[in-house]
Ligand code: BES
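Quick heads-up: it's one chain on its own, the form predicted on its own, in structure tokens.
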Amino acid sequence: MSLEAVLARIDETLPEATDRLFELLRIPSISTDPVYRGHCARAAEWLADELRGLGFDAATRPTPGHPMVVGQSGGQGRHLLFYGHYDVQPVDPLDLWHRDPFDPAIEETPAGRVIRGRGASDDKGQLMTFVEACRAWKHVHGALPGPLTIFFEGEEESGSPSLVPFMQAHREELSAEIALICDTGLFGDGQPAITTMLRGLLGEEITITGPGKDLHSGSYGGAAMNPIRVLTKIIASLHDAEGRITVPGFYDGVTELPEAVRAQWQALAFDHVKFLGDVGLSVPAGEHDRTPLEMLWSRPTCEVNGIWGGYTGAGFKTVLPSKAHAKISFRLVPGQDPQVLRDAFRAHVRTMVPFDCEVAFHEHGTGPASVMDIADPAFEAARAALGTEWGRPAAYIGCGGSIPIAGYFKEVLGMDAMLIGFGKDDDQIHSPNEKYDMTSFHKGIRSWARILDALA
């Protein structure tokens, strides 16, 4: 009956929980802009105060960038670590917001009530679901649910430059048996999910330089090599007619998806026609022999994220440019070494740069892929708890994006992570008018209470 009392407490105090979330949302903790440095520190201290009020031994911790927040509670049972981030994305373009991004409000929409404001879904609303579950648990039981470590970061949206050094320096303090990360979402509308596969990331910027200055295309066209021509040939060479990536050795170490996982993904009945139709497309463009979910979750990719050179302003200028540039990213899967692939990509590009041209590379970070060990009984316990709360079986899913913290927990602290979140695809994170469904907030709190009951 104690779990039922916790759930009842969550239901009764939802307005107060929403008010507390609004307090946090009002703090403009934009980590990438130095102007907001003081606000990031204020958000960290606000969270530390909340944790201390719940009985955690909590404090903000300085870093070369924005502070970390670490809270500890003792007790018996499995030691859990919960991670979230309190920093948010910039709000530009401001004129596309329907209201002040840092003046949160509940709005009625055709799909239901939502919390509107920057950070509502990514990640303040998500992290507060766990904090509020702990609050209700403490009220009912008089104590927190066993040994817990809370770890909040303030630089996730700006590349996490302080994260790994901090984890390495505080390895003993942060070590637990399993990590919980609430920075993901539901599968579809109302089906809970546990993300067990995350793709890694490799970013490269290349610059092709030909002539020492821009040239008149009438005077030099045909005789002088055009860097844009070189660059487009390189880009066109990265995929074959079947959608496979042609960088030598790119697929070395890539394993096939286990049949049991493939069958579960097929059972999700993913509607790729709607998925692509919602963005004005219709035909999957990846490897021809793969399902759309495989393409999104378990296969590596190569994408051109930007390309520029020459004259791109209004009107026309018949210039033969001196330089051409492109930004190219690779999403990686387990078995792929980011540095090995960086070297292979650069070697491939160099073979295609003709005499009289030069290539320069600028790296934009790397992160390995992660796969969680779902043989740990905690995964099935959490899956059952989620299914009970949402009335639908929780799915083990992959994630097309990259959440480096999960890999760092494995690499630095030697522990797996369960990624459980309640966001939705239409939450507009990183975009104007970000929102978080009230249902996600409410049932997210209840979900964590059930998971804590199952694990603690």
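Heads up, when I say rigid core I mean the largest set of C-alphas that superpose within 1.5 Å between the two forms. One rule holds for the numbers: they count along the sequence shown, beginning at 1. Source: prediction; values computed, not measured.
There is also a form predicted in complex with this ligand; it is not shown, and the following applies to it.
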| query | finding |
| --- | --- |
| Contact assignment for this ligand in the model of the complex, among Pro34, Gly391, Gly401, Pro62, heavy atom within 4.5 Å | Gly401 |
| The unique member of Leu201, Cys134, Ile115, Leu293 whose heavy atoms fall within 4.5 Å of this ligand in the model of the complex | Leu201 |
| Segment that reaches this ligand in the model of the complex - one of 53 to 61, 401 to 409, 36 to 44, 66 to 74, heavy atoms within 4.5 Å | 401 to 409 |
| Contact test, all of Ile178, Glu380 and Arg446, partner this ligand in the model of the complex, heavy atom 4.5 Å | no |
| Contact label in the model of the complex: Pro211 to this ligand, heavy atom within 4.5 Å | no |
| Exercise: Ala417 in contact with this ligand in the model of the complex, heavy atom 4.5 Å | no |
| Ser162: touches this ligand in the model of the complex, heavy atom cutoff 4.5 angstroms | no |
| This ligand contact at Thr184 in the model of the complex, heavy atom, 4.5 Å | yes |
| Within 4.5 Å of this ligand in the model of the complex: residues from 317 to 340 (heavy atom criterion) | Arg331 |
| Core-aligned C-alpha movement of Arg199 between the shown form and the other one reaching 2 Å | yes |
| Displaced residue check between the shown form and the other one: Glu303, CA, 2 Å or over, core reference | yes |
| Core-superposed comparison between the shown form and the other one, Ser329 Cα displacement 2 Å or beyond | yes |
